[in-house]
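Only one chain is included here, represented as structure tokens and corresponding to the form predicted alone.
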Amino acid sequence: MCASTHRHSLHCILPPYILSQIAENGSPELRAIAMHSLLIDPTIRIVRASTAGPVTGTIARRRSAAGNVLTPSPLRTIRDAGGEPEAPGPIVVRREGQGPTGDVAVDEAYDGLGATFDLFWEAYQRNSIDDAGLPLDATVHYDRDYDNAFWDGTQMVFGDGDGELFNRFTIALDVIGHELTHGVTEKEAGLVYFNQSGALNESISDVFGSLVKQRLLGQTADQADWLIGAGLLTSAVNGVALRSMKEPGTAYDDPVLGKDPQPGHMDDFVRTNQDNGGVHINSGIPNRAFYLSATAIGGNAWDQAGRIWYNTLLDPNTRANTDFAGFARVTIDVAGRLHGTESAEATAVAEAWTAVGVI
């Protein structure tokens, strides 16, 4: 697995059940790559747990020539691990304000960190992951053929993929937004990465990862594809992404990866001891609730539905062990406070949670 119940968990985009399927069904080369990833991820997690500190940063803002504060800066630093399992990577290859390097993974990571920073600042006035100007660091070219990307509590780390099933993990903007949002959740609600609270943790990352992509592309809720990880799968895979927020369970159906196991309704809730109690699987239920809310409200999803979800994450009634029903109640309450209890927005949110069987 690629996470723990420690407050500063290691959060990986690729669920362990996909790697397990590859280890069972893939070619000898792919099985070896999957087993390597399955073995290395817990090792990283243990190291992270032993060295974790608080998610904090230093206020850092761009200043005009007159010295006046203008806007916060993401303060990005991209490092290259050179195919070694080192994070942070030993070589700094791009810093904030520097131009493109020509290394597509470096430049995608840089741009993805910036797009995520911009969403949180410009839509919600949040200054970086911790709302205190935390510099955004990333390591690319981590290990060889590493099939994953993760947020370890201090930085983003990207593998290059195996090239047969997975492309480089910087290719999907929503993956970058997803992983950085884990840091926001750690700082705010601190949702325990287990069972329903863990599935909410994953869902919130999917929500804001999708919103990062939608905002950069200028898409309304109706125009968005609502896929997480589109572009990550190679043409050899029978699938379009890792997850679908619109239709959970339909993202892929492949002889090697297996079939997307996500449910979209509580009737199909998966009870399991694997994957920290199914955090990547059952996240499909709150994902679909957000999709239904956003499309019913209409317009740009980050403006209305996203604001409701963001304020819910900050609400004191969203606690570390909040389950689906508890989170649903807070979203409805927040929608009522923002727009009125009888508003179309509050009605849309309530109807969405009802549609997926949570309330």
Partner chain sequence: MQTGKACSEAITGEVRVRIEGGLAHFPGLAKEQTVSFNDLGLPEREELTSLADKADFFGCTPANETARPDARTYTVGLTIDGRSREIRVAEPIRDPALARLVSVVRRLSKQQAVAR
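Numbering follows the first chain given and starts at 1. Owing to the predicted nature of the structure, the values given are computational and were not obtained by experimental measurement.
Just so it is clear, the following notes concern the form predicted together with its partner chain, a form of the same protein that is not shown.
> Just one of 242-250, 111-119, 217-225, 96-104 has heavy atoms within 4.5 Å of its partner chain in the predicted bound form; which?
So the stretch in question is 242-250.
> By the heavy atom within 4.5 Å rule, which residue out of Pro90, Gly231, Gly190, Pro85 makes contact with its partner chain in the predicted bound form?
None of the other options qualify; the answer is Pro85.
> Of the residues Asp131, Asp137, Glu164, Asp160, which one places a heavy atom within 4.5 Å of its partner chain in the predicted bound form?
Comparing distances to its partner chain in the predicted bound form, the residue within 4.5 Å is Glu164.
> Test of understanding: in the predicted bound form, would Phe169 fall inside 4.5 Å of its partner chain by heavy atoms?
Phe169 belongs to the contact set for its partner chain.
> Going by a heavy atom distance of 4.5 Å, is Ile204 a contact of its partner chain in the predicted bound form?
No, no contact at 4.5 Å.
> Test of understanding: in the predicted bound form, would Arg288 fall inside 4.5 Å of its partner chain by heavy atoms?
No - in the predicted bound form, heavy atoms of Arg288 and its partner chain never come within 4.5 Å of each other.
> Tell me, yes or no, whether His265 is in contact with its partner chain in the predicted bound form, where a contact means a heavy atom of each within 4.5 Å.
His265: no, not in contact with its partner chain in the predicted bound form.
> Can you name the residues of 128-147 that have a heavy atom within 4.5 Å of its partner chain in the predicted bound form?
The stretch touches the partner through Asp143, Arg144, Asp145, Tyr146, Asp147.
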